[in-house]
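Heads up, the chain below is alone and in the form predicted on its own; it's given as structure tokens.
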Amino acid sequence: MIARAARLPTRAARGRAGGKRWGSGWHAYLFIAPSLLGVLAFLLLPMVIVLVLSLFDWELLSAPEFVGLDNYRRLAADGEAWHSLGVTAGYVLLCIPLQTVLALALAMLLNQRIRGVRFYRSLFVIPWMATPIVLGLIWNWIFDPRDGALNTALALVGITGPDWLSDADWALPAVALVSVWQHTGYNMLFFLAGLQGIPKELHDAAATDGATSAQRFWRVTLPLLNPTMFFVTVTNLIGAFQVFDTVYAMTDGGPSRSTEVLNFRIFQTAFKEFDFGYAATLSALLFAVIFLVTLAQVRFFGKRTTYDLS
């Protein structure tokens, strides 16, 4: 009993130990405080403000007037808003699959031992570093129906190119193509990191068992890339749903509203029609769509993703 009592810490000793742990914990809080304040000030607080503002009718120069759910009732019957959401969905479907496949293909190509591979990796990332407005101006010239580089190149092989940005059938695919060109190299870096994190022994074992290159890709490489695929698709979808700069620089929502994505519609409503309450309601709609799509991705990839290769 005496030996057992000697091993038990006294209440004072436990208090000193607990105080030491609590004191050391405050150092961690000090380090994360700037990031936490940034999240609160630039993410959570604006979200709350938008949700509150969606309950008001506010034209900036007049005092806000509380209207309750009237803005949401207006949204339910607003064909223009749902049209813009449909355009946004079409843009996402044009961008995400193509740029994901191209990024993965580039990563697999540049994961080989080829001469100048570091130069090529840097080269493909350069478009992502340029601002969307500048890229929009450059691609406006490329898509010019008379003197543009694209139609000039097509004319050399006997093809008459369309009026890309003035044709309602071609404008949205043209804008989506610019986004794919800009972001493919950036996404390639993540896939490249994922590929280099796969142990070589797994491919060697599969090859020893007689698996072909295609079988090794589908049964070894792709399943082990699920964490990378999850990150790339989630971040790309969120970015694609919020597209604005490229549309603003290239088409200004036209022609015939064929490229009027929801974010552009929010901009028009707030800063041209000065209907900030309804613009906040449209923003809430966009947030809800992004949240639901992201939640679906989390549930889809959560059952198929492992982070432990040991």
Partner chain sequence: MFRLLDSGAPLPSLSPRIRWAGALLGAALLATGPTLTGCSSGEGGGADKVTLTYRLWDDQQKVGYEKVMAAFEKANPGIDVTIELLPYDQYWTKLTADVVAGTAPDVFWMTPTQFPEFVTKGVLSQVQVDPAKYHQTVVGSFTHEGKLYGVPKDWGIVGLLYNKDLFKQAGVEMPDKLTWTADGTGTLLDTARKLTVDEAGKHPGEPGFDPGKVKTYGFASWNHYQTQWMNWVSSNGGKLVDKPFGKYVFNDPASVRALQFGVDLVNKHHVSPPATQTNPPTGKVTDMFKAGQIAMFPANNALLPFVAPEATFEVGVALMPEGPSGRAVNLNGLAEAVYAKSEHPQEAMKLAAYLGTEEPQKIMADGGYAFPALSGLSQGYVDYWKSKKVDVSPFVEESEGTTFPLPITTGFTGFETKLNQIFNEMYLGKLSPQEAADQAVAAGNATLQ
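Positions refer to the first chain, counted from 1. The model shown is predicted, which means the values in this text are computed figures rather than measured ones. Here the rigid core means the biggest group of C-alpha atoms that line up within 1.5 Å when the two forms are laid on top of each other.
Separately, the form predicted in complex with the partner chain exists; it is not shown, and the next lines address it.
Taking the partner from elsewhere, E260 is found to have a heavy atom lying within 4.5 Å of the partner chain in the model of the complex.
In the model of the complex, P145 approaches the partner chain with a heavy atom inside 4.5 Å. Shown alone here, N140 lies within 4.5 Å of the partner chain in the model of the complex, counting heavy atoms only.
Of the heavy atoms in L69, none are within 4.5 Å of the partner chain in the model of the complex. The contact with the partner chain in the model of the complex, taken as any heavy atom within 4.5 Å, belongs to L165 out of L75, L85, L165, V92.
Proximity to the partner chain in the model of the complex holds for all of L45, T251 and R265, with the criterion being a heavy atom within 4.5 Å.
Of the residues in 33-56, those that come within 4.5 Å of the partner chain in the model of the complex through at least one heavy atom are, in sequence order, A41, L45, I49, V52, L53, F56. Taking the rigid core as fixed, one finds a CA shift for L36 of 2 Å or more between this form and the one not shown.
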